[in-house]
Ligand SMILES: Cc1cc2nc3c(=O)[nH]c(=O)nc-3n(C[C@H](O)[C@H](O)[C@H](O)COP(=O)(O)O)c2cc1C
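To begin, one chain is listed below as structure tokens, in the form predicted alone.
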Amino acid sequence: MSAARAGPLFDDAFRENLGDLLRWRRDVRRFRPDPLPPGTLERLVATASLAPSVGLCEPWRFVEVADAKRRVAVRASFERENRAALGQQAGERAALYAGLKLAGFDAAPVQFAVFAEPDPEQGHGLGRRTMVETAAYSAVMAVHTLWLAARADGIGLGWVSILDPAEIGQALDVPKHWTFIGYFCLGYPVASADTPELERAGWEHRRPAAERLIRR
């Protein structure tokens, strides 16, 4: 019987670099128009597919959006939903919302959507009997894995969620039962920061992590 393969050792320097990666991962809205190297999206999707998934079902579905008409349809959905969201704000919060840049459609060279297959045959249903939403959770894990890998390469990712899921599914001609996770802009960021743009704009700020830890 062969010996188990020893895993890699992660030293203090690696852990410090990992902390920097997490701190400097940002939701990017301002992109340079420079094209990404050929094969970048394919390589990042391959890395994303290392993410954990319930029952090893790998429910994520990445849909690259290169067609101009489809991009226009996605942007139109964003503009409608963004106007509706602005109408729900009042006073100073409305003015602040109106000044936020919430999408990077104009300059990002790569755009893609992520969906989850809610009941994939792969995985044989393991872990999803009482929590079917874990398929969507798994797709989000893949997104986050891609996000970190992109940032490690100096590439920014912007998550657009102010969209109508049904409209996006129709615009991208995907199976109706797929669960829409989000629409993403990918490219080189204009600038980097270690704090969220929403925090810098005064919309919200992070709270101490201890406030989110509950013990019973």
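Numbers for residues come from their place in the sequence shown, where the first is 1. This is a predicted model, so every value here is computed, not measured.
From this point on, the text means the form predicted in complex with the ligand, which you will not see here.
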task: Classify Glu64 as contacting or not contacting the ligand in the model of the complex by the rule of any non-hydrogen atom within 4.5 angstroms, answering yes or no.
output: no
query: Is Leu102 a contact residue for the ligand in the model of the complex, using a 4.5 Å heavy atom cut-off?
result: yes
message: Using a 4.5 angstroms cut-off on non-hydrogen atoms, would Ser49 count as touching the ligand in the model of the complex?
response: no
message: Can you work out whether Tyr188 and the ligand are in contact in the model of the complex, taking contact to mean some heavy atom pair no more than 4.5 Å apart?
response: no
message: So if I measure heavy atom distances to the ligand in the model of the complex, which of the stretches 148-156, 27-35, 49-57, 171-179 falls within 4.5 Å?
response: 27-35
message: Under the 4.5 Å heavy atom criterion, name the residues of 160-179 that approach the ligand in the model of the complex, in sequence order.
response: Val160, Ser161, Ile162
